[in-house]
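Okay, so here's just one chain, in structure tokens, the form predicted on its own.
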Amino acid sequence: MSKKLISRRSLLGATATGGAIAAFAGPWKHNRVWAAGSDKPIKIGITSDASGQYANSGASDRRGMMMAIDEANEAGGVLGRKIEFVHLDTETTPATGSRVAERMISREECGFLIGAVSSGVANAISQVAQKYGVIYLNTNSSSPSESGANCHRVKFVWDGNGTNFAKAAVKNAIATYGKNWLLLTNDYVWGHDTAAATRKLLEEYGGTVTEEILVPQGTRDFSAALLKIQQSGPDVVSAAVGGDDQKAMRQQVAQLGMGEKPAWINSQQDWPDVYGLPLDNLFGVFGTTWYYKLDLPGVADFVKKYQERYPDTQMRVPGNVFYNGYMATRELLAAIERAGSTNNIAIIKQLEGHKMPAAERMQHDDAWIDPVTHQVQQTIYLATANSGTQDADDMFKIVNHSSPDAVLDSDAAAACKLESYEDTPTFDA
């Protein structure tokens, strides 16, 4: 199949005429001259939630992106061009995410999209992005399907996923707490995929799933689910419950005195979901990609920058969601510089296989972007409540960390079928 060449003007025209993209394909030389001869800013579309289940995480994600953009502009921009952004609320719903992506590309002329916490929203955005060839960085969605069955050539996944976190936790938790596990699962793609990954590892390591309880998104009353858990008496509850649901669940578990027994393994904990909760609400062990108290070079300076830029933000120190938003945006801008071009295919090739030293990412291990799945392979941390602390911000303590190789999601590589370069529309932003 021949390579598709689409300019930003062509994208506008394609939308206006009902998506007749092929009719606007133009010569490569024309596209390149159009971009290089312009002092037009490089425009990024931020697709983060400002309402719905993940509004708090969306705000933190957005602050991370904006700090990276500010830093780039203060350093003179990228390829001598200023970075601008537009933000639209994806409302934590896939349908809105799809509409937002369409508008950002066809009306706002965004050459890149960044954001999303919900995996369902991220999947919807990425389908639109692939149609136009627009690079999309999924900053904080953690369903294994995002870098597996729902992968795309234009999409890069920045967070650890449910399989990574389960691999870091399941084997040791069976040995420590017991073999009989109950799964408490948010009833949407991230919850289902994370529970499936946990179930598979349990089978591999000799554990048993005694029951799985599905809870719809938007659940605020967990009493029925917690009664079932009390009656079932599992050794471990593995919870894949996110956003505001997670906060409500934690409060009710603590009220019933169920935080210590059974043991709780929470696949992942985004800090904005639980910031400000009492320490007895932070029971169990959870996975994360970063913590602001890591004793590593650069962490203290990073925290200081955050506090100087956002002195009035409720969260007084950066969390994992902020970190992922910042790192993804910074690496996108660096990839444009390395490519020496805003051509999307050239930038994709700069991101594929790109290695990121541990010292630059403030993690324990070097990270890289898997060229097969487009997921960032990185250090995974397990954390729990920092009992006894007098520092209201120092809510967690890291109990161990796993190397990227130890938690590699090999199933994602088998499921991911990236579109070819030739089947991905190309353009200069």
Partner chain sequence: MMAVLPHILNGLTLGLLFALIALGFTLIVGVMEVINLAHGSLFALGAYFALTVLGGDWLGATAAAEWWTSLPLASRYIAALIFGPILAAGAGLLLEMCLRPTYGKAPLYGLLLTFGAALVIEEAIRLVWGTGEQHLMLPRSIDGAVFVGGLIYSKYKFFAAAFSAAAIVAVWLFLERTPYGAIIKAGSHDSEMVRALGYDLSRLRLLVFGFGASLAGLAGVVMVPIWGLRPHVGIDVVIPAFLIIVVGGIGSFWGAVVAAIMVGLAVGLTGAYAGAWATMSMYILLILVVGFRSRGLLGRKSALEN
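Remember, predicted model here, so these are calculated numbers, not experimental data. Residue numbers count along the first chain shown, from 1.
Below: the form predicted in complex with the partner chain, not depicted.
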>> Please identify the residue among Arg199, His87, Lys247, Arg81 with any heavy atom within 4.5 Å of the partner chain in the predicted complex.
In response: Lys247
>> Going by heavy atom distances of 4.5 angstroms or less, which of Leu214, Ala346, Val303, Leu296 would be at the interface with the partner chain in the predicted complex?
In response: Leu214
> Applying a 4.5 Å heavy atom distance criterion, does Gln377 contact the partner chain in the predicted complex?
Replying inline: no
> Is Gln307 close to the partner chain in the predicted complex, meaning a heavy atom pair under 4.5 Å apart or at it?
Replying inline: no
> Just to confirm, Lys355 within 4.5 Å of the partner chain in the predicted complex by heavy atoms?
Replying inline: no
> Would Glu108 sit within 4.5 Å of the partner chain in the predicted complex, counting heavy atoms only?
Replying inline: no
>> Using a 4.5 Å heavy atom cut-off, which of 277-285, 172-180, 115-123, 150-158 contacts the partner chain in the predicted complex?
In response: 277-285
> Should the three residues Asn56, Asp221 and Gln255 be counted as contacting the partner chain in the predicted complex, with contact defined as a heavy atom within 4.5 Å for each?
Replying inline: yes
>> Pick out the residues of 310-331 whose heavy atoms come within 4.5 Å of the partner chain in the predicted complex.
In response: Gln314
